[in-house]
Structure formats: structure tokens, C-alpha cells
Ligand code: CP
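To begin, one chain is listed below as C-alpha cells, in the form predicted alone.
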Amino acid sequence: MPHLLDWHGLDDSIWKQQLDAALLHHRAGTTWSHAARGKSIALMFFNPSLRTRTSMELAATQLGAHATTLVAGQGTWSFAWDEGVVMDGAEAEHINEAVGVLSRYYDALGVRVFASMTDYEKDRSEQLLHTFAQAADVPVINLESAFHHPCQALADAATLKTHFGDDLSGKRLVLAWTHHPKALPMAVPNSALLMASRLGMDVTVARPDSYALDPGVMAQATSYAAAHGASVVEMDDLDAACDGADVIYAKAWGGPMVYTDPDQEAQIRQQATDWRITADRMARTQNGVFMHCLPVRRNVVVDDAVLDGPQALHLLQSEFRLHAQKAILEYAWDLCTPANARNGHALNGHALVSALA
């Protein structure tokens, strides 16, 4: 069964198709239709959400479909994940049965399941996301996982094209690590890096030495950039990175050290309070814009003067989450036909996304 786990396994033509669809929905505004009447999606959240949950629910409704939101452990049973587990503890239902049941009710499923922040290989391999997807008989949409956030990536790409125009070659995006009270997952920075490099932008990853992104993600981004004659570079000087930039995309992340030495990671992070996007740093850009996926810690990650100024695009990014969700839902539902005798759902020969690794 194909699923939307991330964009990196898709052909450029499909990625462009979905990006164009998100832009079309933006131009159409908040138009409501019955285009997806009779379609449905169940959204399973194992972690908090504001933008993803509301944009998915509203996108389905505006397309004439039905969405059911479930928060794991709140109104549902607690779930066991491991194969062969002896369920004599707090978990009352296995994820295999839960997802199997939902597959028989709905045309598609969405799931948000964050990184463990304790087991790097488990997170890097997207073990929980793949476990969920393998139990499903309908397309599964990744609403943010340990390493990827395809919904945010599509919205970010559409935001950049709306602001700069269709051709982003020669534009430089700085993915800026920022101070934060907590060690955060790498899903958004990974997806932002892959998104920008795939659009042909020159990307600078500005981060302290201890906060390198995964080598595999860096290699994929470098490959995307090379295909467009662009570049991906890293540096540990935020001021220098901001010089002449077109976009500052701020995002905190925990980095690999949080898995191996969390106490040391916390100490380094707490001492890095100067890694913050200020008005002075934005002034170093080439009339650059500011981006952030939200939620954002004011005057910790970025100063009020930046967020409240004319260079800020973070609210446009959030608006595009709705348009991106519509594009994603339409694509998923277009691939479903009532031909599968087992659960009433089937796919045609097209791939919704990358095959499971």
C-alpha cells in the first residue's frame, strides 16, 4: 500500500503537481465545494497540534468530506506498538487492530507521531510511522513524524513561490538553528532543507557544531541542489550566514547529541542564547524575509520586532497549511476506488508516495 510518508521518494512531476495544486487553492481562497463528498479521513494524533489538526479538519470540510480527529489516550485506549508484545500492562489495544479497524471505516488515515528523542536509529528509520502505515489498508498521510513533515514542506514551498515567483534559482535560504528551552525533533528542519534544495535554492545551514543534521538528509539535499546547479553549505556563524540572504528560516532542533548525551546537549543549548533572529540580523539580509513553522517562542527564537515587522512570512506559511492540506487530500482520495472487497477501498496503479523503506 502506498502512503504519503514524505516527498523525497516522489518524482519531481508529482511534487510539482501537488505544489501547483496548493497554489491553485490559495488563489481560490476559502471556496467550499462538494468535490470530495462521500470521502473521509481519520486523523490520529499522538502529539499536540494546532495548525495541522485545524487545517486538516477544515480542508476536508471545505472539500465536502468528513474528518474524525482522535487524540491517542484521550477518548481512545492506550496503544501497544511492538510485535510479539505481551499486553498485560496499561496498553489495552494494539496499533494493528486500531489501524485495521479505521482502515475499514475511512478512505484515508493521517497520523502524527513525534520522535522519541532517545533512540536515534528508531527515529531515523521512522519505525513508528512505518508500523502504523504497514497496518493500514488505505493511504496514510504523515502529519509529522520523527524525521519528516511533508505537510509543512508543501506549505513552505508554496509560500516561497507566492512571495518570490516561480523561479527560485539564485535565491539563498538560511536554515538557522535557534536557542530554545527544549530539545526539539528534527522533522521540520529536515523537511525545510529538502524542500528548499529541491526548489533549486542555495541553502546555508547555520548551526553550532553540535547540531549537525543527519548525514543522509544532508546528502539528499545536496543531491537535489546539484540537480538544479545550486548548493548546500554549513557554517557555525549566524551573522555571516545572514549576510545577503533572501530567506531566514528559523527553527530549533535537538541534534544528535540529545540521543547520546542529553545533559551535555542541554548545557550547550542553554548557553547558546545568542542564536536568535534579531532585527539587526534581518538587516544583514538582502531585504530578506523571515519564516518559521510555528509555534514560536517570542524573544527566545526570534524578537518581537521581526515577527511583527513587514519581513515576516510566518502567518502566510500557516495560511498555506490549509491550501496544502487540500492538495494532499485530493490527491489521496483521487487514488481510492470502491473496488477492494476486504474494506471497500483500493488504489489505482499510481503511487501516492514513496514506498516503505
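Since the model is a prediction, treat every value here as computed from it, not as a measurement. Note that residue numbering begins at 1 and tracks the sequence as displayed.
The next section is about a form of this same protein that is not shown, the form predicted in complex with this ligand.
(message) By the heavy atom within 4.5 Å rule, which residue out of 311, 49, 40, 69 makes contact with this ligand in the predicted bound form?
(response) Here the answer is residue option 49.
(request) Would you kindly say which of 152, 285, 103, 204 lies with a heavy atom within 4.5 Å of this ligand in the predicted bound form? (result) After the contact test, the surviving option is 152.
(request) Given that the partner is absent here, state which listed stretch (294-302, 61-69, 23-31, 326-334) has heavy atoms within 4.5 Å of this ligand in the predicted bound form. (result) It is 294-302 that comes within 4.5 Å of the partner.
(request) Examine residue 112 and determine whether its closest non-hydrogen atom to this ligand in the predicted bound form is within 4.5 angstroms. (result) Within the cut-off, so yes.
(message) Going through 113-144, which residues have a heavy atom within 4.5 Å of this ligand in the predicted bound form? Please give them in sequence order.
(response) Sequence-ordered list has one entry, 144.
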